[in-house]
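In structure tokens, one chain follows: the form predicted alone.
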Amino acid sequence: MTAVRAELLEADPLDAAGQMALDEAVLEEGREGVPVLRFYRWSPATDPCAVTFGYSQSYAGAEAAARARLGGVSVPLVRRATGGGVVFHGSDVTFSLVFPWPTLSDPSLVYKDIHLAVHLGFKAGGVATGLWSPSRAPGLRPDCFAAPEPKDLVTPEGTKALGGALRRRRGRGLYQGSLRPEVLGLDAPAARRAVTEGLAVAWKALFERREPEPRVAARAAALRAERYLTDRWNRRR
């Protein structure tokens, strides 16, 4: 079978607003039909460096969760264009995937498809994971890693290793994921390799390293300034 052409996007380190903006720019301006995988490089490279929270979450709730977790440590709080809860960034492996999503389908099936692919990557390296499927799913919690949600990737003991959030726009999907390599006994480079290799095998994708195209970079810069750095966006709820 012919391999699917895909891109492994390599961008400069960015702050949280820049990361969100670049993901949305790729969703809007990326090449039609071409999956795009990107691993975040954070600026500043500290732990914690940022907190992001889902589109439908309240700013006050995210702020309260950050205060409870971080105490007096101040980091940017940025609203994502995707759903989900509060995610603390720094030690996690954060990545995004833009992919064709031509027909509206149950988001749980999309999560299952992506997380099973990542599972294959870990399995190939001898790391055991599985998809969490409880008999009764809990409601959404403010902190995304407080407990696993259905179709999250977990360790055999049930500890959450990978969760994500989705957005669909004009036949394309954006997945933003946060992976905790330490719960799998891995370092960040090994985790990134497993994600890439799992997607490559499951989707029969051939990833080519690329930098953001000028039109994508320009759109990302505009979105960062006009949306993700503004109170109008971040405090809208």
Partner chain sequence: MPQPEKCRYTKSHEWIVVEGGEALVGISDHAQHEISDVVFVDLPKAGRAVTQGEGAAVVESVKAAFDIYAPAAGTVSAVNPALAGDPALLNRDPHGEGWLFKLTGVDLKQVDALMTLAQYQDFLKTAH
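Owing to the predicted nature of the structure, the values given are computational and were not obtained by experimental measurement. Positions refer to the first chain, counted from 1.
The form predicted together with its partner chain is left out here; the points below concern that form.
- None of 87 to 95, 68 to 76, 119 to 127, 106 to 114 except one has non-hydrogen atoms within 4.5 angstroms of its partner chain in the predicted complex; the exception is 106 to 114.
- Although the partner is absent here, R5 sits far enough away that none of its heavy atoms falls within 4.5 Å of its partner chain in the predicted complex.
- In the predicted complex, W101 approaches its partner chain with a heavy atom inside 4.5 Å.
- Although the partner is absent here, S56 lies within 4.5 Å of its partner chain in the predicted complex, judged by heavy atoms.
- A residue is said to contact a partner when one of its heavy atoms sits within 4.5 Å of a partner heavy atom; A161 fails this definition for its partner chain in the predicted complex, lying far away.
- Only one of R210, R168, R180, R192 comes within 4.5 Å of its partner chain in the predicted complex through a heavy atom, and that residue is R168.
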